[in-house]
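Coming up, as structure tokens: structure 1 and structure 2, two forms of one and the same protein chain.
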Structure 1
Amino acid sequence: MSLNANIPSGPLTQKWEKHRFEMKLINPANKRKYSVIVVGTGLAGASAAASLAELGYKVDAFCYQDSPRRAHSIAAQGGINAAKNYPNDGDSVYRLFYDTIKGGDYRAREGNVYRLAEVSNEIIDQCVAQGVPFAREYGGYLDNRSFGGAQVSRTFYARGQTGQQLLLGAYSAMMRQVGLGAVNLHARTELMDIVIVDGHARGIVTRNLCTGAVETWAADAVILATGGYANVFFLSTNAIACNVTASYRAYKKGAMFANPCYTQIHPTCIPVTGDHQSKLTLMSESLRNDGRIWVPKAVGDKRAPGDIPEADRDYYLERMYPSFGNLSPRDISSRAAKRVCDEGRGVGASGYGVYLDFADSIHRLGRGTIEERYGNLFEMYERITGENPYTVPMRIYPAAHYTMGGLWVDYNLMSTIPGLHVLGEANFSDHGANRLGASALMQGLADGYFVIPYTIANYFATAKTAKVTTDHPEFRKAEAEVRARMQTLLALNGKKTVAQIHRELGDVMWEFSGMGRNDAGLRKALERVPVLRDEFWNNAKVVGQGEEMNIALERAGRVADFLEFAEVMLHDALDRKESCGGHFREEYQSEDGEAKRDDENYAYVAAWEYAGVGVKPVLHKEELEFENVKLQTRSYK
């Protein structure tokens, strides 16, 4: 396979406009002749389905939730970036582009990132027109707040529920098309495999989660908008059902997986409290606008936070990174928290926690202002912990959150399988080695509303593939493979639950490929994961039948994929002998503990080709070219 990113030629600021003109079009009457499958109905999937149906394409949209409104995009709290420069504080499209490239530690494509920054302003206009209730200033103008990795206020928000409000906007646009008959919505339906015909993605195999029925679906193109894979760590901020299966099925069918080791650790999560937890809860990064992060200066100081005077507190982010302080990027803030906790200065019963303190802001602004900005987040924290953050500091600690890696796509968002397009978090394209806060919602909506409607038309106009139906032998073959895999899972009658094995996998991945990684640890993990996989296939227990609602079977299939995919992540982390963004190899750091990149040898996208279960995948490299941004040491001090 060869990697051609299809980045348009010409000046950076003109690439997207030039490309839109040069791509081939489909006239309105002919659009009705083409069908598209969209898997996933979060921000990327719902916006894509709505936009493509509005243009006239026939769309089948699939989600495993009971309603698209329950897609995991709903969990995003803090906001969405755009370069509107409403506060008049120096923002611009170019500055958003630069902050994103720098925030990703110079491991993202310039062309894709500039396009993202360029269309960000259109996203806000689109969402306002849909009625998304963004926060507004007293005079009625849209309000902005700051986020990590930026020195300007460019984040639009709806209290602490921005993802929910944006998803409702995209959902309403899609459901309008459902009402018009342009989108066929299939809820409680999970993708089981991709169908390839003559080298092109032409359909999918699904399982109805209520009845267990296995079905096949044909189309002229397939879009995956199925999110990330952070649940490989077992405990993450993701919903329990979030998984890698759709992406991994595509990978096994020939779609390369890019930069799988780039996983983001979010610095403001409620700490782990015991084995009873099946997921972790995120406290929005927006809280770092008004909250100050600190730990005691003395090792082992177990006094209540209110009993520790200012002189005995270490506001370590403000001390270590004075230019950005508490709004330092996520990867840097997470490692700093780990460092002070490893020194024995962590708070809480476990010692793995730091304080996020709002006392100064409440004194300066008043409790009413803080309630207006973050009230629902404070209420959520108190319900989970039993502590009132208006009177005592929150306790937070880093946790697995977002995945910058994903299926490799070109500038047109098409994978190495022609006709298979990948949107949002499921692709790798825009965030490099570390995503800036409030950019996930931006990318999902950019891909769905403003990129794929152009690029999929170009695919249809140039591919000119013949029509196929589900009677094609490749559909029958794929369906038979899915049924056989289900029967193998249902035959498992061991002594361990799937959740137990998943937790053990998560412990291995967090310990050896979490915030800190090293050669010895990664090699140990590569020894332990195959053992866990063997135990899964020999000692796991899956109850129930296939032709019925069976949550145990659902989870078993997803964990089975995690047990294979984890090795791909580990090989990528071991192969990349540098530190960059969320990938922190302990052997490659500066004297003051900062990430040390190797631009001479590793300024590339690592795209991995499937070679078999338990076999090291084949590495392909897409060299990154920096013509507009100078490669330099990333500093927020």
Structure 2
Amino acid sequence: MSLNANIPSGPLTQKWEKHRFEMKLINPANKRKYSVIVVGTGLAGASAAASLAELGYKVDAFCYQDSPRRAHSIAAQGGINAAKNYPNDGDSVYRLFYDTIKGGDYRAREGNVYRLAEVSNEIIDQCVAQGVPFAREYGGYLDNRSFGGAQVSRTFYARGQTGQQLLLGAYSAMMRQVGLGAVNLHARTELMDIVIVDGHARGIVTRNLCTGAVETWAADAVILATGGYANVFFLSTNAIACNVTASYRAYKKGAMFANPCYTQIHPTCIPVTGDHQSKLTLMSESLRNDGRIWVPKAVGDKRAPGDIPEADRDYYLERMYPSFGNLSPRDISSRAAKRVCDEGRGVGASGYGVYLDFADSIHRLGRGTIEERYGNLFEMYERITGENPYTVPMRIYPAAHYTMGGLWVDYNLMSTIPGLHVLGEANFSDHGANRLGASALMQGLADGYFVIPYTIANYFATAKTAKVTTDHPEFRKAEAEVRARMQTLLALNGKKTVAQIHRELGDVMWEFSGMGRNDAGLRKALERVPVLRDEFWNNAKVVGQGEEMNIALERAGRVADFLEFAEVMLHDALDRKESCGGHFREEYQSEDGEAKRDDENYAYVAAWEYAGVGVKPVLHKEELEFENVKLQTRSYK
């Protein structure tokens, strides 16, 4: 199968405009004849559901939480980027485009990223119109801050709760349509499979998480906006139930999975305290604006931080990357932390932690200023660790955070299955091998508000599929498969809990496919994962029944998919014999330990096609063409 990204021809700056003109439209009166299933109500899903319903399409929206407002987007803290150039500091659509391409280590499509930068401004306008209370200046104008190492201040924010406010905006817009009867909402409903009829995505199979009822839904198109898969690492900053199930089911039905190995490790999370740990908590990156990161110079120096004199401290980021220092990009900072901890210089009981120290800033700016800037974060830190960061430096360590990889989509956000569209973190499209801070929110909303409403019309107008109902044999077959799988899971009566196996999978993935990867390690992981999978199917224990709320069964289904998906990720990591962005292959680094890309051989999107459980998937390459930016070594020195 050849991959056609359908990127419009012509100059970069006119591609989207031209494409919008060329795409076919659906007459307003006919829109109500088309139905769309939207799975996921995060920023991407909620904004899509609202916008499509406003246009007149009939929308069914699904999420696994009890309310769409709880989608994981709610947790985003820092902010959202846009090229407004309000601060007059030299920003522009082109600069945002350029920074994003470079930040992604030249592994994203120029066309997509440029469109993202273009619509970024409209997103801010839209959110403000909805009543999102972004931070303002006294005069009433919007405030901006610099974030995630950007050289310009282009980040809009609402305290430390930007994701929450943006999501509530999109959620409100969607709920308005629910009230008007244009969106049917199905909360606590989990997607179990996708239904393909005559090669087109035509529906889904779901399980009602309250009653256990397995149901089928038919529509003219299916949109997946189901978020990322960072929980393959078990411990991550993602919400507990974030999963790969929807994407993975689509993959098994023929959608290709692109760049699964591109995962982002966030440098500033609270370190692990013990085996009971269920998730890791992100401490906003903004802390790095005023905190200095260090470890003791000597291996095994167990003195209390206050007892370690300046001369014995290593401010390693400032030392290695003098021009960006503590603000170096995520992948670089994370790896540096791992390196010093692997050397035995890590701090805290586990030795996997580094100090983020505010003493200098408190001294320079006063405690009041620091409290004003980070008060709520400091409180949160103290709540979790029981330590007061005003007097004792914070301890942080990197944690899995975001997944750049996802289902392959073309410029229209359609996967390799016609009619199956993928938005937000669930697709692979815009961040290349590394995502810059404050750009996931931007992408999710761009996809939902400003891309899919146009491209889906084009799909309807050109695909011209016949109507189907859930009586179609494909629906019956998919439903039967789902039921059978549930029964198999419920019959598991071994000696380990699903959570234990998930934790073991996470350990393997973190060790061999986390911050650093190498050939031998990846091969070892490729041996271990199938063993764990066997153990799951032979020795896991699932209690309760199918026809009721059953949290053990829910989890088992998700973990079963992670256990298969992990292998796809490992194959991709093994296959990509270069280091780029979040994918760091230890064999491919410069003398001073920096990532070494291989543009000659790897400037492509790796799209994997399912070939069976435990069988190496088939690789398809979409070559990336760079007509506007010159590929350079990403340097933050």
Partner chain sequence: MKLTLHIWRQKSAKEKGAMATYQVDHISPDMSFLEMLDTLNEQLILNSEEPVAFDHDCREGICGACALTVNGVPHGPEAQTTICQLHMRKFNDGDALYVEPWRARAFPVVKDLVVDRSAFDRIMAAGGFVSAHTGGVPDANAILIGKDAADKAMDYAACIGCGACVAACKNSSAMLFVGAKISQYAHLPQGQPERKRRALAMVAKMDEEGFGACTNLYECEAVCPKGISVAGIALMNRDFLRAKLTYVETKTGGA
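We call the rigid core the largest set of C-alpha positions that still match within 1.5 Å between the two forms. Sequence positions of structure 1, starting at 1, serve as the residue numbers. Given the structure is predicted, the values throughout are model-derived calculations rather than measurements.
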Which number, 1 or 2, marks the form predicted on its own? 1
Classify residue 274 as shifted (yes) or not shifted (no) between the two structures, where shifted means its C-alpha moves by 2 Å or more with the rigid core superposed. no
For residue 315, decide whether the Cα shift between the two structures is 2 Å or greater, given a superposition on the rigid core. yes
After fitting the rigid core, is the C-alpha of residue 90 off by 2 Å or more between the two structures? no
Shift of the Cα of residue 295 between the two structures with the rigid core overlaid, in Å, rounds to 2.7
